[in-house]
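Starting off, we have a lone chain in the form predicted alone, written out as structure tokens.
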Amino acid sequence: MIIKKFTGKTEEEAVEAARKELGSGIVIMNVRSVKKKGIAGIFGARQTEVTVALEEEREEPRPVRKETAPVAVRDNSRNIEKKLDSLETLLVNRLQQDEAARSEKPAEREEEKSEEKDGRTEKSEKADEKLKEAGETTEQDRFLRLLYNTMLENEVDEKYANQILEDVDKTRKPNLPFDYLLANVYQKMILKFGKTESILPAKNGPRVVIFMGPTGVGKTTTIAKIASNFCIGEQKKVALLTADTYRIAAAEQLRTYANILEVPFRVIYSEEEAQAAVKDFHDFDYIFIDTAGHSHQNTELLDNMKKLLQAVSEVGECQAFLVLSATTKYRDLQRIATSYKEVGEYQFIFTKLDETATLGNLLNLRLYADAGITFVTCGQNVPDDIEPFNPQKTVKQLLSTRH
């Protein structure tokens, strides 16, 4: 990976200089205002300094979809260098603690073994043993081991943690500073998340958006948050439909939100009624459809969902979201994601981020299902507790040693 800094009178000028030298595949990691060095800097105007990174090409072709640099990197990365510095400090401090612990007397070390074990996961200990067997000897090796253990403690699946560090190892050189290694891992994890896409307007007629997923993940509340942002924030015409005829409370909840937002609401009982509703609201910008939550093992309801998706796709431009709770176990998430692939293509919305301290499953499922993440929610407040998925913010948490 190449990391370079470019300056210009404006951010656009500095970015253009970076693109001319390194190409269009750069990832902007930091933007800041600086003064020229020397006497000229005292009287001269301030300049903009842009720090960019570029993944060095490999001999083997890389999958475009998974490895495309996200457009959103620049918008939310103003303080990335400070964040990386703080992460590096935390990791280096922990590395030094490990070194100090190794140098203790065996008897003293034995007394603290049980306490240390309580603070570490079984996976981390196995990772330590594996790396020791591989003959890790350098400071770089120990730092990468620490990053690896941190990912595992944040519940990144071992398979994907290995992939990330194997990618880093292929381009690693001796005597690289820790900040370079950390930035390299950071960038590769962002690239693993891929491009973040939102709900896009239709080219002709309304965009029909279907929300599906298990019970209790917060689909209806999530729809209300998104609808509120489109209605109030963007002044778009929105209609709300529900196909959840199994729970009266679900329909009434969405009806209440529709009344507050002063938007049309309709209950649909069949594919034909769904098609009719899309045609009736042909002059609207967006149509959001709530569906019944159910077990991913219920093949009959999954088949009904598939028919509904196919029906509305015939009369409108459709987009589907699988809404999942970030607190669900990874093995269950895998089963759910696989089952809903039978319904059709989808993107993810993760809810309840405020109810978990580890976000490894977001990366795990992104790679497992090859589906992008669009929104995340972190509470029940409508419309505030929702935001577009931010890969940079998530990766910082995955590399953080603070819980």
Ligand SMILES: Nc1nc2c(ncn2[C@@H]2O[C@H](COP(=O)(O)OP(=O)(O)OP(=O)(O)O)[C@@H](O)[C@H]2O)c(=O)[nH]1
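Quick note: we count residues from 1 along the sequence shown, nothing fancier. Keep in mind the model is a prediction, meaning the values are calculated, not measured.
Although not depicted, the form predicted together with this ligand is the subject of the following passage.
Worksheet item: Would this ligand in the model of the complex be within 4.5 angstroms of a non-hydrogen atom of every residue among 220, 247 and 352?
Response: Each of the three qualifies.
Worksheet item: Which of 264 to 272, 212 to 220, 174 to 182, 192 to 200 has heavy atoms within 4.5 Å of this ligand in the model of the complex?
Response: Of the options, only 212 to 220 has residues within 4.5 Å of the partner.
Practice prompt. Report the residue, out of 31, 54, 369, 378, that has at least one non-hydrogen atom within 4.5 angstroms of this ligand in the model of the complex.
Written response: The residue in contact is 378.
Worksheet item: Since exactly one of 140, 228, 253, 319 fits, which has a heavy atom within 4.5 Å of this ligand in the model of the complex?
Response: Going through each option in turn, the one that passes is 253.
Discussion item. Is residue 293 near this ligand? Define near as a heavy atom within 4.5 Å, in the model of the complex.
Written reply: Yes.
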